[in-house]
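One chain comes next, on its own, written as structure tokens: the form predicted on its own.
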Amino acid sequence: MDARPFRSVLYIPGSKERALEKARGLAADAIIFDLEDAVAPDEKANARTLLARTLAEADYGRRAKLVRINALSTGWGADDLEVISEARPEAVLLPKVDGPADIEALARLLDARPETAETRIWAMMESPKGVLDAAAIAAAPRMAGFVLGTNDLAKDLGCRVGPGRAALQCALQTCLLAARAEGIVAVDGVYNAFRDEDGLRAECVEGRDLGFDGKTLIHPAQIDIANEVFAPEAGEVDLARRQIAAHQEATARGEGVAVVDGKIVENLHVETAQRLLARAAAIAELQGAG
């Protein structure tokens, strides 16, 4: 994993020209250009054409850009890929992933086109089969990240999801473990009540504390809270700098550990501190570029 931020990952319908234009000025770290759930069946063809043209012509800055195509098992997925490939997409988000074979099938299609030689794959983790095979999916070709599809997962499980999402904790942590084992990004599922700022903040804090890189969002009004919660806090940045400095001084004295604020600092703490500072710097760079 690199330090590229994915605090806020906003879904944008690929069929809405005005939304695609507005997204260029939003403060989201990443955009999922959606050709699947957000597009009605009779708009699929127009949406993929509009999105391909937009991605080829519009400047979305340095934020990450993912295109969610329809599942390859549908009548739309292959056509989505055929059209969108002309825009040389940075990444394709594949829905309904049940196992590594789904990723391998997409990878073969990407391999066959020179335009998608560098395109990475992200997987929607939204089914019981997918969660149970998360480790193999994370290790599949071209994989770069997981997006948790918590609404679909809750539907398939038949569970009731309340505050704290106790019914989903096993699935969330299983996917996160698999992603971290392979060094790929993991982004938490959406919070449906987009006007409920307190609820969104609480779920962002929960996802951050679990270890997710950020939150998928369904409305631009959710961006600021996700960006705030998933960013390193000023106190964390200060502590990280002091930990690194103290450990360097201890190493210069021939000592293996240092003490900061009454707590031991070892190599593992230094590595964590370095990742945090790199992420803070990447966020600042992205914001400056925007």
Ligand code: COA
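Counting begins at 1, following the sequence as shown. Just so it is clear, the model here is predicted, and its values are computed rather than measured.
The form predicted together with coenzyme A is left out here; the points below concern that form.
**Student:** Considering R180, H219, R113, R108, which brings a non-hydrogen atom within 4.5 Å of coenzyme A in the model of the complex?
**Tutor:** If I apply the 4.5 Å criterion carefully, the residue I get is H219.
**Student:** Which of these residues, A250, L26, L55, V260, gets a heavy atom within 4.5 Å of coenzyme A in the model of the complex?
**Tutor:** Of the candidates A250, L26, L55, V260, L26 is the one lying within 4.5 Å of coenzyme A in the model of the complex.
**Student:** Looking at 139-147, 100-108, 191-199, 113-121, which one sits within 4.5 Å of coenzyme A in the model of the complex if you count heavy atoms only?
**Tutor:** The contacting stretch here is 191-199.
**Student:** Any of the heavy atoms of K16 lying within 4.5 Å of coenzyme A in the model of the complex?
**Tutor:** Contact with coenzyme A, yes.
**Student:** Is the gap between A273 and coenzyme A in the model of the complex 4.5 Å or less for some heavy atom pair?
**Tutor:** No - in the model of the complex, heavy atoms of A273 and coenzyme A never come within 4.5 Å of each other.
**Student:** Is A38 a contact residue for coenzyme A in the model of the complex, using a 4.5 Å heavy atom cut-off?
**Tutor:** Answer yes; at least one heavy atom of A38 falls within 4.5 Å of coenzyme A in the model of the complex.
**Student:** Spell out, yes or no, whether the shortest heavy atom distance between R68 and coenzyme A in the model of the complex is within 4.5 Å.
**Tutor:** Although coenzyme A is absent here, R68 would touch it in the model of the complex, with heavy atoms inside 4.5 Å.
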